[in-house]
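Here you get one chain, nothing else, as structure tokens; it is the form predicted on its own.
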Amino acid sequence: MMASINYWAVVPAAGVGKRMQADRPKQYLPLAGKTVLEQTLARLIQADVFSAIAVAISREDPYWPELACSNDEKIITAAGGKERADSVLSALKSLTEQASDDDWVLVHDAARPCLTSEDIHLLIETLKEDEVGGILALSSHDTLKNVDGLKITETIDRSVIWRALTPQMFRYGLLKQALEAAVGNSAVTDEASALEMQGLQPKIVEGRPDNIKITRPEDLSLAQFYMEHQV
């Protein structure tokens, strides 16, 4: 009898969010009556598919212990690292005693609080039989330019360009191995890029355009608008 496959979520939340120019990391800014991070974790919990959610938090973080969700039975706290990949790897290691290599891990940005259960289930249903895994992404509707300084050097074929979103879904063992091999490599800006460095080709699953990442102050009001209008 085959062992059942479990699904785990990982949320790297050790960043400082300098572009927000706020008095605290962006994941702790207020959004619709809670913090951004609380809203994000609530969306993952609501999907009702994860055995646990590992959240990577900076060791000097004074805000996380104050949140009620830090004590949620579904949530495991891991030590955050210097870079995103370090935090994700730390969170994966916190699951070592529970997760098997064939289990699936969905890594999601702390600053994407508008994720829907619909997109989580779409990603899982599309990729659960895949050998590698893949990511939510959006095709590009804008005309794209290559630039040198502020001068345009060429127009890029947008039909082959996709914007990477999260969650990004990979087998536990494969993702852990890829991130361990990529430690210290600045080219690894998301989980898919670590898999790509191993010669693998993650799949694309088209997600919703309202799954925005909060990076600038104006994004907070846009996120609240989306959350109020999602069905």
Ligand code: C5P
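Keep in mind it's a predicted model, so treat the numbers as computed, not measured. Position 1 is the first residue in the sequence shown; the rest follow in order.
Separately, the form predicted in complex with the ligand exists; it is not shown, and the next lines address it.
Taking the partner from the other structure, the ligand in the predicted complex has a heavy atom within 4.5 Å of a heavy atom of A111. By the criterion of a heavy atom within 4.5 Å, K213 is counted among the residues contacting the ligand in the predicted complex. Taking the partner from elsewhere, G81 is found to have a heavy atom lying within 4.5 Å of the ligand in the predicted complex. The ligand is not drawn, but in the predicted complex it has no heavy atom within 4.5 Å of G207. Partner contacts here mean any heavy atom within 4.5 Å of the ligand in the predicted complex, and among 103-111, 117-125, 136-144, 68-76 they occur only in 103-111.
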